[in-house]
Structures are given as C-alpha cells and as structure tokens.
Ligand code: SAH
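Only one chain is included here, represented as structure tokens and corresponding to the form predicted alone.
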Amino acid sequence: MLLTITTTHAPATDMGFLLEKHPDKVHEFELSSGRATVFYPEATPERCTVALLLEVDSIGLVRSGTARQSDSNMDQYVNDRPYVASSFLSVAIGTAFRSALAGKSRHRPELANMAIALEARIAVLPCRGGEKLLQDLFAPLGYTTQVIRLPLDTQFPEWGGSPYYSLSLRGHVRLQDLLRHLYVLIPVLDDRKHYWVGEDEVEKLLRQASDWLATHPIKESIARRYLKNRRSLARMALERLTVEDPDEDSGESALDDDTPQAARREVELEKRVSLQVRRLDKVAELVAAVGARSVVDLGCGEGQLLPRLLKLPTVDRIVGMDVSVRALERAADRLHLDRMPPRQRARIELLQGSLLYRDQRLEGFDLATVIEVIEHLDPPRLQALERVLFEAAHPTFVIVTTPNSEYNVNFQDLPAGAFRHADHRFEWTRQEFQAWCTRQAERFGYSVEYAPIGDEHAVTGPPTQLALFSRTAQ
C-alpha cells in the first residue's frame, strides 16, 4: 500500500526538516505487520514528494497470530491487506512519521507550526460507504477531495465498480494536522482493524483528534467506526470531547459537547471567579485607554476577545490571527461575519498564520494582544514568538496575559504541582513573569507595567497576571 504527500511550499525540500527524513536517503522501518519504507520520488525546491510504502507480510501475520481469524483458513492468507490502506498503514504513519505527527521539528520548529500547501494521495482505499462517505469525512476538515472509484476488474467492466477508491486530498494545512487526519480516518474506513480495541484506543483517539473531531459534523460515526463499533467506548470518547465556549452575555463559562477535556478542567477551575470574562474585559479596557486604532489579536482562537473590540468605536481595524483553520471558522460563526453589516465587516479580518514565523501582515498595528498564549509554547518556540512580536511586528503597545502559578493552590480540584491546562508547557510565578517581561522590554525598546486580573489573594496574588508594554521613543 502506498501513501504520498506532496508540497509546493518554497523551498519544497523543507519537507525533509518537517519529517526529519533526508530526501537523499531511503528510510526503512520494521513493523509487526511487515516493512515500511520512506523515500522521496521527487525533491526539488519547487516540488517535493515523500512516499510511505508499506509491504504487509500476510503469511508472517498468520504465523504470529496477529491476523484476524475468520471462518475460512484460506482467507487468512488471501485477502486485500497487502494492497489497501488500512489500520496497518495508520500504524506505519505513527512509526515512520512520529515526530511530525507530534508537531515537532528539531531543526525548524517554526515550520512545524505553519500551514503549507499539501497534497496527499492514497492509491487504494477501502470504503463501503462510497464517495459520499469520503467526502463527508474529509471535506469538513477543509480539504479539496478527488475520489476515483476503482473497477472490480479492468478486463470485465460489466462487473461494475469495486469497494476501493483512489483518494487525493489538497489543502493549506499543517503537516501535523494532515497526518493526524489520516491516522484517525484511515482506520475509520477499515472494517477489519487488526488489533484489539479497548480503552487505550479511546485515549489514542482523543490524543490525535480532540482539536478537530469535536466540531466534525459526523463525529459520532467517526468515533464509533474508529472504536470498532464498541458503542460504550464511543460514548466514552464523545463525552470527553468538549470545547471552551464562554457565554458572553451571562459572564459564565458555558461548556458544550465540543470542548476538549483539558480546556474543560481549566474552565471549571476558573468558573468560580468568572476569570475569562474579567480577562477579556480588562484587555478591552486597556485597548480603549491607550487609544489604539488598530489591534491584532495573536492566537485569537475562537475569537472570544474580538466582539469586545468591535464594541470600541475608536478601533478602526481589528485582526484575529490563529494557526487553526477550525478555530477561525468558529470565530467567524461567533461573530456572524456572513450577516455583519458592510461597514462593521470592513473593520475586522481573520487571518490564518503562525505566531512563530515572521509575517508582514502583522506589521503596522497600534496594539497586539497575546491572551493566554505564551504558556502553551515550549521555550524554543517562545523565543521565536518574542522575535516575531517585539522585533518584527513591533507594535506601539503589547498586552500579554498568562496564569499566575502561585494562585493554583487556591483551586481545590487541581492536584498539587499540576497545570491548569494539560497543554501548558509552563505556568510562571509573578516574579518569573516579570523577569521575562523585563528582558523583552530591555531587548526591544519597551517600558512595561503590570496589572492583576481576578480577585487577589493576600499571599498568592491574582489568578491571572497582565503586562502592558509601551514602545519607548527611538
């Protein structure tokens, strides 16, 4: 079975950095099902293609006891497993492209977080639901799909089509997202998943799909198929898919069935003090106070700050930027962009892009907001953000908020030493945050002042800490 991924991102040979596989070499991996080989059929600055070839050893699987037992002993040896994309290919992706699947690139970390032009082709894919099912699975994820049904036998066209398809996916996405989609959805189409499905498969599904499955139109079907129609496991997975969606009017944090579990815990912890609402209100208050006329919200997510900025008559231009296409789509829904009056619509724009890569679109703003973002970044990526934000974009004002780790002891449901969100890479004390802010101010020509957000504790301080950077005269 064969999977190819092609990019025209310039230089296209950056694919080697993303996959940590040199284009001039052939890379082989021994698997329980056979052998996986990664190679590059083409690698030029204009176009680069990587191929993952999986050779399944059917006889070896039967002898090892891995093959699925059936009523026919011959079926163990004669089947479609060596020729079609199946759960075996999903395992091969996880092994051969492990670092890319995790969103890591040692030599080009900023590249791993960029959306680039990608095209994936699967030569033979089983799908008894037909072309409609393939479209229902991949189109909501933003891909342009091309589906070709393969004939049952080319020598006997009257026999009609087979249950096998050739699939092409085109999109402007992160490589990590493409691999995660394939990793989960290929087994969804495979009704002969080769390994035992238990609760550990629920964890695997949530690990690879929690950031996109929650909003997928057929998430129930995906969860059920992935978990081999074990409905109790599917219910368990769906119950844990939730998305942070605070209710703007009530001031309370509303939780729906689309919120990731880690975000749900953070919302529940902070709900008692309406911390999210206070954060957003404080930021909007400062935007008005400094008189900013143009604002860019970096890492805007689902656009929770943007409605508040629209209410400020002094702000003429508002831009929300995020790396997640899905989050931006939800932001557009939140803002009702399709029904917004023309004059109002002209004030706001949503951009897809990485906060870790220099982007001319970020230049020229009066103010940039970075709300609850920095704690999600590993140190090397945080260093990249510092240069992008303070040096390249260099707005007149910058507002940064982040949790105050000293306050965590006041959350009774949070275990000692744990972070508020499972994706946080760090949570700083007030001293650590102010030390970081001072370094950035000195490096890039800013002054900085601090403000608490939330009810302050006499010893541990506020739950959230805020820094307002003001560019000094050059």
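For every residue, the number given is its place in the sequence shown, counted from 1. As the structure is a computational prediction, the values presented were derived from the model and not from experiment.
Missing here is the form predicted together with the ligand; even so, the following discussion is about that form.
Of the residues G142, P307, G353, G103, just one reaches the ligand in the predicted bound form with a heavy atom at 4.5 Å or closer; this is G353. H376 is the sole member of K311, R345, H336, H376 with a non-hydrogen atom lying within 4.5 angstroms of the ligand in the predicted bound form. Using a 4.5 Å cutoff between non-hydrogen atoms, L389 does not count as a contact of the ligand in the predicted bound form.
None of the heavy atoms of S90 is located within 4.5 Å of the ligand in the predicted bound form. The ligand in the predicted bound form comes within 4.5 Å of no heavy atom belonging to S86. Heavy atoms of N113 never reach within 4.5 Å of the ligand in the predicted bound form, leaving it off the interface. Of the candidate stretches 173-181, 202-210, 123-131, 354-362, only 354-362 has residues whose heavy atoms lie within 4.5 Å of the ligand in the predicted bound form.
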